[in-house]
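In the block that follows, a single chain appears as structure tokens, in the form predicted alone.
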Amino acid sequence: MKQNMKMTSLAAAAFMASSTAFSAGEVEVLHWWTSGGEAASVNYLKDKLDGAGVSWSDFAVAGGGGENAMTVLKSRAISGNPPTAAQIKGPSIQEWGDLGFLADINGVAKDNNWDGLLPSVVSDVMKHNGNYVAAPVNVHRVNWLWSNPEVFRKSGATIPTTWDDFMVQAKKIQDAGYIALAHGGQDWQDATVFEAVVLGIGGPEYYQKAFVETDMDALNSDTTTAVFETFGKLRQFIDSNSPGRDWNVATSMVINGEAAMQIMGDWAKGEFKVAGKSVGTDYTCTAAPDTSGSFTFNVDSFAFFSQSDLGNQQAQKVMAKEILGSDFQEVFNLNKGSIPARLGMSRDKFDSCAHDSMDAFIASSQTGGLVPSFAHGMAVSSAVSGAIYDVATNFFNSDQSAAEGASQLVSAVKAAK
């Protein structure tokens, strides 16, 4: 009897030891959140996991659009050493799933009712063959125009709501000695501005057909030429130091009163917050010209890569659960400038920009104005996205005509499909 009790005690002790080791795994996380507002958001997730007994190994690769991070990820995955989790989004999640790299986290999703917590436009992207393989951290609205009211007052200009008026107001600002449009000359930033012009000039129906469905008739139309005409006019309002400038440096130009406006997703708001600025007085957020009824969405998410280590598998599950927790969703998005991916969250702590974004997200989903961002990896394959990037940035940094830009886009997308 004593022997049996002793054996039972030993077994229990061994089980407890193995359980402790099993729960105290590690997540190596690949991401590109390195600016002020973004870093604060990442650190909160790191702290949450630390409190749950999961250690965090940071694998940050700078570059606001994530191209550098994806290059590193491909190298790691091909060599058989992928990170535990990586910041991946949109169709790229499906591509990684098709290659067999991703882990099934359906158990966590079912236990925590993700299907009930997430809008279908978000949850559908997180699944591969019907199984959850990724967790969303937020919903970004990309089609924002950030403005410095003081620069507008000093220039005698008003914040534009149409592209035609943008040209008029930008000229006033330029004549007053300010930079009208703060911009970083990187391909993903060029694509972000191009996307805003596409949505404003063509509207959501054209956007959906041409840049989501890649319908060749829609692409090969007069509307596409009109898009390039407006896009080309923006060149004159950007300063000569733009090439290679990081997006957050461009945001700081608006914060510091060097420039009047920036077209950028709502992650820019995180930079205003870090700088101690207040919405409505120090800066304003309005929809990019001619896009007030539409919403280009960019959902940041972490995809989970298959792991052989049991502790790291458990750590993945803890990370996935924490990401959709209401406290993390609130704090992360307050820091990041985005809105929660999770439905039913309290709005109390969110500012007017976030409220506008939440309202626009719901309204546009009912009117057909809710469209995935092609500039941020949500709408098309990486091959097609790369083709659009190349054409947009080559056009913007040359003296090509609108007709030439439109023709090159049609040819590039057709070749990439």
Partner chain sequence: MFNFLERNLPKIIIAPTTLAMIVCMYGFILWTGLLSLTKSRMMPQWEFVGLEQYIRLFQNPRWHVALDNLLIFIVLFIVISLIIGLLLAIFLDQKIRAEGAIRTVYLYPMAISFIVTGTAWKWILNPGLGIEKIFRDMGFANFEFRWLVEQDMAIYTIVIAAVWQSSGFVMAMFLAGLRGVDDNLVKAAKIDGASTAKSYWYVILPIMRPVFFSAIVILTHIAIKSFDLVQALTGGGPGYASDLPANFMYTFAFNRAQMGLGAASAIIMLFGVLAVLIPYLYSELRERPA
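We call the rigid core the largest set of C-alpha positions that still match within 1.5 Å between the two forms. Residue numbers count along the first chain shown, from 1. These figures come from a predicted structure and were not determined experimentally.
There is another form of this protein, the form predicted in complex with the partner chain, and it is not shown here; the text below is about that form.
Stretch-level contact check against the partner chain in the predicted bound form with heavy atoms at 4.5 Å: of 356-364, 42-50, 25-33, 376-384, the positive one is 376-384. For T71, a non-hydrogen atom is located within 4.5 Å of the partner chain in the predicted bound form, even though that partner is not displayed.
Taking non-hydrogen atoms only, Y389 approaches the partner chain to within 4.5 angstroms in the predicted bound form. The partner chain is not drawn, but in the predicted bound form it has no heavy atom within 4.5 Å of S401.
The partner chain in the predicted bound form comes within 4.5 Å of a heavy atom belonging to D187. In summary, among the residues L343, A77, A176, V168, the only one with a non-hydrogen atom within 4.5 Å of the partner chain in the predicted bound form is A77. The contact residue chosen from N112, N131, T162, N241 relative to the partner chain in the predicted bound form is N241, the criterion being a non-hydrogen atom within 4.5 angstroms. For the three marked residues, E95, F101 and N394, a heavy atom of each sits within 4.5 Å of the partner chain in the predicted bound form.
Once both forms are overlaid on the rigid core, the distance between the two CA positions of S75 between the shown form and the other one is 2 angstroms or more. Core-aligned CA deviation for F101 between the shown form and the other one: 2 Å or greater.
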